[in-house]
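Just one chain follows, in the form predicted on its own, and it is written as structure tokens.
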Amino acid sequence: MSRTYYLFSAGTLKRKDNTLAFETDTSRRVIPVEDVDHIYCFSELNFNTKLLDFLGQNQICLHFFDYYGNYTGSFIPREAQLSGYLVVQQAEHYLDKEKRLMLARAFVEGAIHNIRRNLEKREDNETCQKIDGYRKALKDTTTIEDVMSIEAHVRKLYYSQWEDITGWEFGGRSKRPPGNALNALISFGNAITYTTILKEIHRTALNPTISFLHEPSERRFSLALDVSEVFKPVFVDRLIFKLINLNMLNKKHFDTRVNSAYLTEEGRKIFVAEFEKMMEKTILHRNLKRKIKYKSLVRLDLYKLIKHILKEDTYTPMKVWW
């Protein structure tokens, strides 16, 4: 079973015969290539094209983060799953206003449902009722801008409860740089989720640059942003609440400066360790009637999206039932 590797030390990653070797000033570790799912680099890394060729042959993604834990970019192997017909149909769903709007609404509908479930657990009925109002309004939206506006209003309501849920200062969402510890956690968690979904998209024949909620643009995989909306409340927000409420993270795990905050290396290690544990957890799937891992939920959603684009079924996003 392959898994994710996180590199926190500066060093050299190289191909060694038919496997990988990671070398630092004080150690050398051999990593069997068949054991690698994808690799996250949080420190300076030396490598050469020979390594990239090898990673490409084995369909391994390499993700890079800067000193502050901000996502920088990824090495994505050349498409292994190709389907010209699917790409044409995916582009057709973007170009057709009604088809694009339907999918954009679906992504936000999934996000709103999962956000509401997080609040239901805390019996926040007043905010839930307000969210229900936006949920109804979502059905009547006629433009992508309207859909994005609904999503933004729901998020603002949701975030207004975070100080009560966590007991930490928040004040509202801030990015680049994150304004405080809670914002730093959200930014880091969202980046990890984005790359996780990008990896899964790469393993299908979907084109990651053709999206429906977010506008396709140069140099970004906007379909991963669309799908992330559905999963962020489940993968990121719930994990943040757990890490804070169980005191697994505290103020010492953040590098705070004037108007900015970042997770320290120790804080990132705690976050990704718990993220990996969560992704390996299993739940009983209501439709499949069998246990599946959290990380499999993403692939299932992408298969549903493919069926929708191929007009075999209607896409319904993953909605938390547990």
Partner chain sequence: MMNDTAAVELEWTRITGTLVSYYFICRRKLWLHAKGLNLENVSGNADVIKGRILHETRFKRESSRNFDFDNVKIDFFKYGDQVYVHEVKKSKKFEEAHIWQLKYYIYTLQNRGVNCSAGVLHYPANMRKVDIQLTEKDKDLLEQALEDIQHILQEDHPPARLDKKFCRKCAYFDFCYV
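The model shown is predicted, which means the values in this text are computed figures rather than measured ones. Residue numbers count along the first chain shown, from 1.
Although not depicted, the form predicted in complex with its partner chain is the subject of the following passage.
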query: Candidate stretches 113-121, 132-140, 230-238, 83-91 - the one whose heavy atoms come within 4.5 Å of its partner chain in the model of the complex; finding: 83-91
query: Contact of I306 with its partner chain in the model of the complex (heavy atom, 4.5 Å); finding: yes
query: K175: touches its partner chain in the model of the complex, heavy atom cutoff 4.5 angstroms; finding: no
query: Any non-hydrogen atom of D25 within 4.5 angstroms of its partner chain in the model of the complex; finding: no
query: 4.5 Å heavy atom contact, A21 and its partner chain in the model of the complex; finding: no
query: Contacting member of R29, K293, H285, K269, with respect to its partner chain in the model of the complex [4.5 Å, heavy atom]; finding: H285
query: Partner contacts for 14-48, taking its partner chain in the model of the complex and a 4.5 Å heavy atom cut-off; finding: none
